[in-house]
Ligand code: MEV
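Next comes just one chain, in C-alpha cells: the form predicted alone.
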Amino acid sequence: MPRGRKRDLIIKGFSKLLKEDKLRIVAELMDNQVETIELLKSFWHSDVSKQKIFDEFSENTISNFYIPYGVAPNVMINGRTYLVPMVIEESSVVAAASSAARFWSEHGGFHSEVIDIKKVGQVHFLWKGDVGKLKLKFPELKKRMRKATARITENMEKRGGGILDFELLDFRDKLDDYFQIRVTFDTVDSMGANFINSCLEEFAEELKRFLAGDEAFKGKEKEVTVIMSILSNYTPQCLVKTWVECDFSELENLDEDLTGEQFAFKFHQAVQIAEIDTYRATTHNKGIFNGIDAVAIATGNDFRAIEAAGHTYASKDGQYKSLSHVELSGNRFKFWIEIPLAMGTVGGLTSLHPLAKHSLEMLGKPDSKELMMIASALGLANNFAAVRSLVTKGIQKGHMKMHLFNILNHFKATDEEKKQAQRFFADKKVSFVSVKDFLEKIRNK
C-alpha cells in the first residue's frame, strides 16, 4: 500500500487496541518504523507500575513526553522562603523567576493575600413560563436542590466547603426562553471540577422535578429543556493579589545607565502601555503565565483552565489589558498582580502523579490558598524580570544566552565546543547565525 494511503485510513476501535498495536499503527506512518518504535519506547518509565499510572492519565497513550522540571530558589512570600518547582521547556523562564525572586528577597519579598475562593457552576435551560412566579418559588427550589445533593456535598461540608449560594438569571433579552441558575461553591483545597459538575447535574434533575410537581406551574410551565450543566472556568471571585514594593533608591543597581527613579518611571510606562494596547498586553500577560503555568503543571493543576480564567479577567472591562499594575507614589515603587487562580492541592493529578506529590511536599504541603499565592508570586516574578529586561538591556540578550545550549544542540556541538561557545559568548549577543558562524570557524580550524 502506498505510504500516503495509510494516513487516509479510518481506524475503528483504536482505543480498544493493546498499547503495542497502537504503537505499531503509528510507526507504520513513518519512514523508519523500527527507529520510531524504539524512540517512543525509550521514553517509557522503567518502573512498570509507574508507567501504568501515566498510561491511565489519558487516552491512547503510546509514550511519555518529557518537559524539564526545574526549581526557583529564594522565593520569599509573606516572610516565608520557598524553593518552587517549575515545569516548563522555555529556557529563560526559570532563570528569570530565580533572578527576580533573589532581588525581591533582599527587598522585602513578595506580599500576597487571597481575596476570595468562590467557584462557579451553571445550569443552562430554556423555559416558557412566568418568571415572576419562578422567582417567587426560587427559595423553595434552592432548598430542594440542596437536599438533592446532600449525599454529594457531605464530605466537602465536613472540610468546610460546599454550596454557597444560588442565583436565577434571566437572559431572554439575548436568547429566546433562556434562563440560568448560577451557583457558587467553596471547594476548599480541591480544584473541585468533578464535585461541582456532579452537583449541577443533580440540580438540573431537581429543577425538572420541581416544575413538573409544583401546582403553581401550569401547562407548558411544567416543561423545561435543560441545555447543559457545567462548571465555569471563569472564576472572578477566586482571586489572589500579590505585590512587591520598595523605595526608588533600592532600584539603583538594576541598570548602570538608569537611576532608581528613572528605572521606576520606564518600568511604569512599560506596564501602562500593556494596559492600553492589546497587542502588547497579550505578550505581557503571556510572560505572567510562564511562571504560573510552570507551577500549575509541577503541582498537577489544570493550567489551561487557569489561563482561560486569567485571560477572561484581563478583558473584564471590555478590552484585553495587563494583569499587572504599577503605582509610583512619592519615592515608592509598587508592582502588583490581581488574578483569578482556581488551584487545588488534593484530588486529581495532585495525588496521583508522583512528581506532583513531590512538588507539593517540596512546598511544605500547602493548602489551596497558599498555592494560589505561590503561583501568583512566580507569575509576578517572571513579569518583573521580563519588563526589567525590556526597559534596560533588551529581552534578547538574556533570553538568547539561555537559549545558547538549544542552538548548540541543534548543530550537534560536542562538550568541548559547548565550553568554547560559553566562553566566547559570555559578553556577546547570541543568535542562531552567530552560533552557526562560531562553530564553523572552530571546526574549520
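All figures in this text were calculated on a predicted structure; none of them were measured in a lab. Position 1 is the first residue in the sequence shown; the rest follow in order.
One more form of this protein, predicted in complex with the named molecule, exists but is not displayed; see below.
Looking at 278 to 286, 165 to 173, 135 to 143, 198 to 206, which lies within 4.5 angstroms of the named molecule in the predicted complex, counting heavy atoms? Every other range fails; the passing one is 278 to 286.
Can residue 390 be called a contact residue for the named molecule in the predicted complex at 4.5 Å between heavy atoms? Although the named molecule is absent here, residue 390 would touch it in the predicted complex, with heavy atoms inside 4.5 Å.
Partner proximity in the predicted complex: residue 90 to the named molecule, non-hydrogen atom cutoff 4.5 Å: The answer is yes: residue 90 has a heavy atom within 4.5 Å of the named molecule.
Does the 4.5 Å heavy atom contact test between residue 290 and the named molecule in the predicted complex come out positive? Output for residue 290 is yes: heavy atoms within 4.5 Å of the named molecule.
In the predicted complex, does residue 408 come within 4.5 Å of the named molecule, counting heavy atoms only? No, residue 408 is distant from the partner.
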